[in-house]
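A lone chain, given as structure tokens: the form predicted on its own.
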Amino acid sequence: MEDMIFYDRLQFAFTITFHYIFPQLTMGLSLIIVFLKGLYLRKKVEKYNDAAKFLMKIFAINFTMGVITGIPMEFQFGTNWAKFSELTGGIIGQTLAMEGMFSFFLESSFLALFIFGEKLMGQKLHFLTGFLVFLGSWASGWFILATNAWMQHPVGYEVLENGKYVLENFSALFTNPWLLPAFLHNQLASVVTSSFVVASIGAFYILRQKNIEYGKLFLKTGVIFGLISSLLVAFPTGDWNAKNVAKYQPASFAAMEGIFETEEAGAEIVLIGQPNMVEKKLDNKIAVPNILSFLTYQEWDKQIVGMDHFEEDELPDNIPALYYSYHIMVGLGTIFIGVMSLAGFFLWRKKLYNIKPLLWTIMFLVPFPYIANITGWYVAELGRQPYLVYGLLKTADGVSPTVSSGNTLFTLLGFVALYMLLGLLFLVLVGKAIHQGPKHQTH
């Protein structure tokens, strides 16, 4: 049974990790595309329109890959997680269906119109199609996060005699106190990824002395969006999410902060340390006293309960992975703020385009926002364990009893091979689009 649960979780973790490489770019990129198209309408400068259409090509490649890699995840609800789907389908099925019916079709329909319909529709309607693509991509995130928010903090439900969960209050799904901070944090994090991608394309063009005018536009746009979004990801949205975890999932909060023992006179914030699960402590710890209590409750000496306050079976089942994921996410976020602040300063001083070390740094930092986004999701999902629906449904009770661990492992290996090919195809297509550059080049 333990092997079956392990492989079911491993397969879903792998497929959703690979899948989320793509939506985090499309959600943020759609906002930047709307911004550039709006600039074109206001200033009538052709490079803004060319830039928007160029980025929409990259958006389309990402969107297609996101669709392809998203389908297997839906099937896993009926194969590996059939019991979970049977018990909670009356609730999560509604938000997932709304995501497919409303957001996906809105996004895909107007994406085609944006790419192929500019001459037919005119510029104002073309801008509208871009805005609707943005609206569809963010609405998709809203419905998915509404589903996840219910799993993190279940509200508005009742339990039938057969053990199934059904909605008692539909509006509670969308007024869930977990939803808004998680949505804003997730969407702004996707803008961080997109900003680094756009800025890195600009840095690449400038360093290669190719498409210089577009390079400067992409770099400037990416730095401005990246600086604003990086700051907002940390505060207020990151702070808001952390306070929600402390309030609704205190065991998870203690684990991700590395608090093994309850600290009565205020909790320290750990900068560096390694969880020692044998001795129940952090090794090689560097910490600042009382800061965590102040950040969480605005009181220096406020108690924060440690993992010793909870029963063993109520704690997350992989505390080191949760702890490291959280600290990787926070550490990378701090680096993003630093790099984008420095780039913003030199942009303001009109020197950014000539500072090659900083351009190289921006270009090679591109993978790290992806890592930060994915580890952020690991924090949310590892923190919820050992539950699928926090406080209601244990993970062990949601698996499909008829799907063997061997079958799951076999299909997992198939997914790994297939996704490696898809990943290579994605890199080739995006690389080719970047090499070709925007349609109208300025020399």
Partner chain sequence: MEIFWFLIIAVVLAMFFVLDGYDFGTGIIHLFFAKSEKDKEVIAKAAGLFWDSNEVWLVAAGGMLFMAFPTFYASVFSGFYLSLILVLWLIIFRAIGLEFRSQFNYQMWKDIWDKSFGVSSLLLALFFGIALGNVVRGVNLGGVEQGISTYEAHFFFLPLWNSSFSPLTNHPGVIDWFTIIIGLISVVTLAIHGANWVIMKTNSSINEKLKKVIFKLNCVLLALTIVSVICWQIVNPDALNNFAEKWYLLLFPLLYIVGLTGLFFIHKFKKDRYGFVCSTLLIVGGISSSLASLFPVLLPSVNDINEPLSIYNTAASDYGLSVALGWGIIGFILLFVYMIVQKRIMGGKIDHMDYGH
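Numbering follows the first chain given and starts at 1. Remember, it's a predicted structure, so these values are computed and weren't measured experimentally.
Not on display, but discussed next: the form predicted in complex with its partner chain.
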query	finding
4.5 Å heavy atom contact, residue 41 and its partner chain in the model of the complex	no
Interface membership of residue 354, its partner chain in the model of the complex, 4.5 Å heavy atom rule	no
4.5 Å heavy atom contact, residue 63 to its partner chain in the model of the complex	yes
Interface membership of residue 83, its partner chain in the model of the complex, 4.5 Å heavy atom rule	yes
In the model of the complex, segment of 84-92, 340-348, 231-239, 356-364 with a heavy atom within 4.5 Å of its partner chain	84-92
Selected contact from 45, 392, 68, 396, since only one has a non-hydrogen atom within 4.5 angstroms of its partner chain in the model of the complex	68
Contacting member of 265, 97, 288, 278, with respect to its partner chain in the model of the complex [4.5 Å, heavy atom]	97
Residues in 401-415 close to its partner chain in the model of the complex, defined by a heavy atom within 4.5 Å, in order	401, 402, 403, 407, 408, 410, 411, 414, 415
